[in-house]
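Below you'll find only one chain, the form predicted alone, shown as structure tokens.
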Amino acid sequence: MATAENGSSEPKFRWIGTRPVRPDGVDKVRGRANYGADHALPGMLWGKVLRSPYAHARIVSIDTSGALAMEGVHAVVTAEDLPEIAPEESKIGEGPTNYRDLSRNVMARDKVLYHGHAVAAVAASSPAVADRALAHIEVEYEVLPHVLDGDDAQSPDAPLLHDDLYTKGVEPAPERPSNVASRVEMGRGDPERGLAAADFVVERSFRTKAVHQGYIEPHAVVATCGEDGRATVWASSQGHFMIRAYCAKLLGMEQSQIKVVPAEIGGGFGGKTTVYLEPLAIVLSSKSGRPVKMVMSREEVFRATGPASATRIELRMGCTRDGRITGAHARLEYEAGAFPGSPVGAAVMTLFAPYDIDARAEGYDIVVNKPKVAAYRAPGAPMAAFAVESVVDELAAKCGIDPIEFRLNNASKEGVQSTFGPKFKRIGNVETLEAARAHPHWKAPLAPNQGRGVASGFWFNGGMQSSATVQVADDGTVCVVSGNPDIGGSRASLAMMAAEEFGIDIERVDPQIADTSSVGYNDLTGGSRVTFATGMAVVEACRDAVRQLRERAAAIWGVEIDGVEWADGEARPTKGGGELEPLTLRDIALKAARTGGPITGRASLTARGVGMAFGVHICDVEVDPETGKVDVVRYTAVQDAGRAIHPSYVEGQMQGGVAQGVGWALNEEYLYDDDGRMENPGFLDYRVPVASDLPMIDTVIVEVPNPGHPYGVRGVGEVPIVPPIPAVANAVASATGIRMTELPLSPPRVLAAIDESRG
């Protein structure tokens, strides 16, 4: 790592911070890339899933004989074909996954808990035959009362989803089961004393609806299981090691019996961090003796995979007249869907992170008769930010202080103790606020019916386990092998860090994503961890290989390794090297067979030193007072990336988060009828933003390097979806003078608020 010529400590890079062509770009634009549904095998069968028509019902009996008797039907699976997982065996290792719940979500056992819950699956010679076979499976249900709303689920007379669910985290321990799965609390100081001392206090209740990640590619898998009991799975996911672990546990197999080959992924955003079809495909293949392919329809994706939680958040926050926040308290209720596990814990962590304040938050995880929720970019944080950033704006207005100045007055910075425990290390919270304040957008004039909003956002980012290998070929090229699906540009970022370490052209680096049998374990792609954590493993593997290259050069020259340095893709003698000529990477690789064999660098680690990240967004909207329609007319996203390895990918992450957040704020929601059936399970009625709904999104990358990473990386994928909802809401409040606290801010809802304000 060189330093700049002016003698400053700022490093000067050859590739880091540049914008090379993405390694996977050509195959994707030419249609050659293989996604989950593209894979096929000889003799392959088609799998389909029978799903519950009820939101809550007891399964009295299932008769599959009619389906099995059909020509072309080769296997039928129900919960009886999956091992029963006892409560005490529900977890393995140190992870949070409840395998008993996961198994019962993959295939209903005893009861169905939401409309669309899987009840049985078939494998047949064609999709049409499989569909007909589903119609011949006879299921007798005892329909039970259902509950669709977190408030109703807490009522003493609410129908119970689980007779053995007792609230965790409360004292004394409850004596009766309920739909409240757990309680979590975090905070610092004495916020009640601070609230009592405040000159201004704002107290509001906020609501958000369930929304889907909106990935374009539905869930898809091909599985084959041989006579020896070994299975191979091709799947589109955010982690093929995750698929291997989950399937092995759910099916009572050894992990060594399952190999998972990653496909390209057509979007995930957290929604592909679990399994739905994969275990079923393995069992169907085992029973039929044939490969089985399963692909969800769009309707199945909406009805049976995990959305983000619907929420209710009650917040009190106070401040002095000079703009100092004195205290805050929040109660967060997050719907988990049919099984416990909402991201309310992460929401409690992130809620007050942008601010140096005394605050406490308590969060409740609540089960309802809806699909089990899944992660969605910064899980839990966007809804929490909606509440906090809306109230922060109100307090700033009461004080007569510019909203960015108000945030700067209270901004968390290095050394401040967070409300979730640790003290912040080097962070870019203040720098992003200052960059937003300096941006021309902040002072630009507004037209009639327009308003401007600003909001901060935070995500703590992930580390976890990663492995990588680096293989040097005899032509001097380098193959970087990792085990994380590329969902946001990690092929490019890993290749660029490798090129930087070796000092070679980026075109000389070939990044590959290996299957579960070909590279060491990697945790899934999520939490903005891959460029940080797997990148760290790649850097260590490269340095291992470079050390070996220096050793080989030393052997060729007959000197000690201390007499060899590595720079710009070649071994050079240190001072006193005499007439020795530098040896290029290719020179050394060609002699590898005679100097010790193949040169391969390896690294495995649990990544520490995660860089927490902040962003600030500015949004301008125009509100039609006659229809309530809200148009986003200008948008600027500012974010601390630590160091932007590939700025184009960072900008893409920022813009993508804005697009999703704007849809969440203005249009998107799950709509249910009284029977618990989703009414808008498709992109025609579930309204995600299209290009015409959005302006050009300006991006400003702030770089406050993370000292915990060799290149200063902070994760960038999560933060961009946190500020958009409150930024839009604050802009609507600015344009209309009306503070709205329930999402989405759809035309009917906005118009109703305008009409009410007119009297």
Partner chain sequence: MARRHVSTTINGEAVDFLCEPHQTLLDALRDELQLTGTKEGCGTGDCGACSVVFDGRLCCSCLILAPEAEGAEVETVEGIATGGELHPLQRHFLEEAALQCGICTPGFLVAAKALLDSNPDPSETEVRFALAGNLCRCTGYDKIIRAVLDSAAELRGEA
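Note that this is a predicted model, so its numbers are computed, not measured. Residue numbers count along the first chain shown, from 1.
Not pictured, yet referred to below: the form predicted together with the partner chain.
Chemist: Counting any non-hydrogen atom inside 4.5 Å, which residue from Glu217, Glu540, Asp101, Glu570 sits next to the partner chain in the predicted bound form?
Modeler: Exactly one residue meets the criterion: Glu217.
Chemist: By the heavy atom within 4.5 Å rule, which residue out of Phe458, Trp234, Tyr114, Tyr376 makes contact with the partner chain in the predicted bound form?
Modeler: Exactly one listed residue reaches within 4.5 Å, namely Tyr376.
Chemist: Could you tell me if Gly31 has a non-hydrogen atom within 4.5 Å of the partner chain in the predicted bound form?
Modeler: Residue-level check for Gly31: yes, a contact with the partner chain.
Chemist: Test of understanding: in the predicted bound form, would Pro11 fall inside 4.5 Å of the partner chain by heavy atoms?
Modeler: Answer no; every heavy atom of Pro11 is more than 4.5 Å from the partner chain in the predicted bound form.
Chemist: Would you please decide whether Arg739 lies within 4.5 angstroms of the partner chain in the predicted bound form, comparing each non-hydrogen atom pair?
Modeler: Residue-level check for Arg739: no, no contact with the partner chain.
Chemist: Wondering, does Trp557 line up within 4.5 Å of the partner chain in the predicted bound form on heavy atoms?
Modeler: Looking in the predicted bound form, residue contacts with the partner chain do not include Trp557, since no heavy atom lies within 4.5 Å.
Chemist: Work out which of the listed stretches, 484-492, 498-506, 250-258, 517-525, brings a heavy atom within 4.5 angstroms of the partner chain in the predicted bound form.
Modeler: Of the options, only 484-492 has residues within 4.5 Å of the partner.
Chemist: For the spot marked by Tyr54, Leu68 and Arg290, is every residue within 4.5 Å of the partner chain in the predicted bound form through some heavy atom?
Modeler: No.
Chemist: Out of 11-43, which residues reach within 4.5 Å of the partner chain in the predicted bound form, heavy atoms considered?
Modeler: Read in sequence order, the residues that approach the partner chain (within 4.5 Å, in the predicted bound form) are Val21, Arg22, Gly25, Val26, Lys28, Val29, Arg30, Gly31, Ala33, Asn34, Tyr35, Ala37, Asp38.
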